[in-house]
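Next up: just one chain, as structure tokens, the form predicted alone.
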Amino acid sequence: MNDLIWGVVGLLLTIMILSYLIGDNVFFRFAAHIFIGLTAGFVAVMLINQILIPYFVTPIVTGGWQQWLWMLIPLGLILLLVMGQWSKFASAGSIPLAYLAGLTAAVAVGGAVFGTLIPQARAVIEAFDPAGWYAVPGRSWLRVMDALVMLVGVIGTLSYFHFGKRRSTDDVVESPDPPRLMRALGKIGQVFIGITLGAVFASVFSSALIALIDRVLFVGEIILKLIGGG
């Protein structure tokens, strides 16, 4: 019985969300507000249970004086962030925000370098290993073609994002035209970038389509249960 009740609730919320197809309306806004509220509550509970309690409250309650001293740093940042809510102390709130922005940028850059750039460069280098070309008899030319396509794609993509040195003429800053070779490689890079964006879009579209099909099947199952139960 409980499964049927929650199924009906899910059916109503799904229909409210799908009602946006005919235009913005109060039912869609109501369902969206419920979703945002539940998401905010879930994130708040996760932050309290997995971050604040184990990394802040527990060291203060059960730790020694050394841990208490370390806790003064996040406590001070929290205090500055709260003080920044008043206009008189608005500048104090910029300190923890700058710390968070710098930490986020460092994590993003580190992830891009060690998770994308270095593995990509290593894959290109390993693709030109002659031992890998002859690993499968009769397929060496395919390995060579794969390596060449990978190399051209990497060089072309990097050439597309080439930025030359700007020159100043009569107080007017102009961006010089890149060399012809760089422009040609940039055109090739555009093709690879377009293929990549197309693949990403197809992946996102297929994921959204799968989610839509799942919701339609869910609606059909609930309706069949209601009809069968009646």
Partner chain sequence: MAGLICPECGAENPVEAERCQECGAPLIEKSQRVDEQLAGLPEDPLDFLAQADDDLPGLLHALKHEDDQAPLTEPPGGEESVPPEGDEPVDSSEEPEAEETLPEWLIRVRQRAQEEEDSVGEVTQKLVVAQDHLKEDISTSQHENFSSWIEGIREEDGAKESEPAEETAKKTETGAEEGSSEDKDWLVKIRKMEGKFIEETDQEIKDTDGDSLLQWLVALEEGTEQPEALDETPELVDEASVDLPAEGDDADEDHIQQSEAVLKGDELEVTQLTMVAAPTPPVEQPEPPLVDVTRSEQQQADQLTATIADEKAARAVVKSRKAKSTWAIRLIVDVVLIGSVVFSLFFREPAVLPVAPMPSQHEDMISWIEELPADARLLLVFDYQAAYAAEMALVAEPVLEEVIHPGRQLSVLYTSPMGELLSRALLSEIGADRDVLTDDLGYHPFSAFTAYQAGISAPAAWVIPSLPKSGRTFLADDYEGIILLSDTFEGARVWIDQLSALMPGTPLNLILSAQAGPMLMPYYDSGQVSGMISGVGEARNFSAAEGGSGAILIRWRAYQTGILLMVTLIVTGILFSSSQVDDDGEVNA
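Since the model is a prediction, treat every value here as computed from it, not as a measurement. Positions refer to the first chain, counted from 1.
Another form, the form predicted in complex with its partner chain, is not on view; read the next lines as being about it.
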item: Position in contact with its partner chain when the complex is considered in the predicted complex, options L100, I125, L79, L148, heavy atoms within 4.5 Å; value: L100
item: The unique member of A184, V26, V61, V200 whose heavy atoms fall within 4.5 Å of its partner chain in the predicted complex; value: V200
item: 4.5 Å heavy atom contact, A112 and its partner chain in the predicted complex; value: yes
item: Its partner chain contact at M83 in the predicted complex, heavy atom, 4.5 Å; value: no
item: Contact of F161 with its partner chain in the predicted complex (heavy atom, 4.5 Å); value: no
item: Residue contact check: P119 to its partner chain in the predicted complex, 4.5 Å heavy atom; value: yes
item: Joint contact, I51, I213 and G220 to its partner chain in the predicted complex, by non-hydrogen atom at 4.5 Å; value: yes
item: Its partner chain in the predicted complex - contacting residues of 42-69, heavy atom within 4.5 Å; value: F42, V43, M46, L47, Q50, I51, P54, Y55, P59, Q66, Q67
